[in-house]
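What follows is one chain in structure tokens, specifically the form predicted on its own.
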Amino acid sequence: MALKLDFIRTFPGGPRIEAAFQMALDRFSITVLFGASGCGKTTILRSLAGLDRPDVGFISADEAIWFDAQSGCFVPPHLRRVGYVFQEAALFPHLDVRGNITFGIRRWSAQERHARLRELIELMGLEGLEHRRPADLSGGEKQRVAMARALAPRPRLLLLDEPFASLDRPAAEQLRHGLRHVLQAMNMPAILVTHNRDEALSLGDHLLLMREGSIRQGGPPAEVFAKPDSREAATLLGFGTIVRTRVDGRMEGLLRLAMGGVELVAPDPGGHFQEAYACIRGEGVSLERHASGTATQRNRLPGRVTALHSLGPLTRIHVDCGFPLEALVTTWACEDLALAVGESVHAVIKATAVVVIPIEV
């Protein structure tokens, strides 16, 4: 039992969206469509839901054809058994929580409807809110009601279009932590659209990286985030340092990479190339006021702090090491080191923290 799609959607004077992948429908899993705004993620979701119609290709679920451009087949949204949760909760303002959740199952018998309502109220943590209307709910509560409403008819697939984007950080984290448990309890497959790295890593079982209208990489989220296959992908996946280097030597599975008078040691991805991008995530850089450390930390670079940006519990620090380097450290560590613009530091980067992307000539 699988969802399969391979289609193209072209907007006049606009982007061309290409989508081709498949996923199981008979068990719980979360597939993440990850990418910057405008890359086509929502278009794919809307096409799956029947809210948009591709120009070329097909969409099938199990043996049922939902869309086929060649034959003209197009199954309307209400016959696809797909739940859809939008960025905004879009609840019916005149209905209370009970009415919103049961709206899609109002034709069920009273007994079935009540049993399903109680199940979802408990699963979504909505006890005590049953008689409230949307105006009396918090943002997180509204979104939990929206999810319960989408799940009520027992869809075969749940589509989530940036469901946490409109929430403050505490509400988003609380809802995110509970969502995977709920879907797992219901054995419900889902597709999540997001451009948030934390959401992708904490929720996804499989990640599809989108850029400029098409899927460029796929795999387990941690693997995709750790191994971008292009400079553009590395930027999208949050690598704060991306610098062009030349290969200065190879030894025991490692590369010596040179840029100006600075040298980095990094794992050798294999292949024949003389130039590459060295990509370093800010979390992979530690800072010291004086040179010290163990031999396993192969890259130890003197530098000078050029800028600091507070991110609450974390601080992003820019260091000139002969090339611009970004470090992401705890604010406590920043204060403990008494770091300030102009201060001298040593950046320590393990070889394994450097991702090498060959530049093909």
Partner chain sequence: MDLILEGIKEALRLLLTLDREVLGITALSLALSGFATLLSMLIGVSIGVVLALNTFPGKRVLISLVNTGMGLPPVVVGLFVSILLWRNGPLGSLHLLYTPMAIVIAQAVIATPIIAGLSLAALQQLPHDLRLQILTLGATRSQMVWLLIKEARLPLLAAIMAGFGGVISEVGASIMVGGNIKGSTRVLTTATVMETSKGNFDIAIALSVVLLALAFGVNAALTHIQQRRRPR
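Because the structure is predicted, anything quoted here is derived from the model rather than measured. Residue numbers count along the first chain shown, from 1.
Another form exists, predicted in complex with its partner chain; not displayed. Remarks below refer to it.
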Within 4.5 Å of its partner chain in the model of the complex, all of 256, 261 and 273 (non-hydrogen atom): no
Location of its partner chain contact in the model of the complex, chosen stretch of 219 to 227, 123 to 131, 236 to 244, 86 to 94 [non-hydrogen atom, 4.5 Å]: 86 to 94
Contacting member of 150, 210, 172, 278, with respect to its partner chain in the model of the complex [4.5 Å, heavy atom]: 150
Candidate from 290, 118, 250, 78 lying within 4.5 Å of its partner chain in the model of the complex - any heavy atom: 78
Contact label in the model of the complex: residue 193 to its partner chain, heavy atom within 4.5 Å: no
Partner proximity in the model of the complex: residue 69 to its partner chain, non-hydrogen atom cutoff 4.5 Å: no
Contact label in the model of the complex: residue 135 to its partner chain, heavy atom within 4.5 Å: yes
Contact flag, residue 107 vs its partner chain in the model of the complex, heavy atom cut 4.5 Å: yes
Residues within 4.5 Å of its partner chain in the model of the complex, restricted to 175 to 201 and counted by heavy atom: none
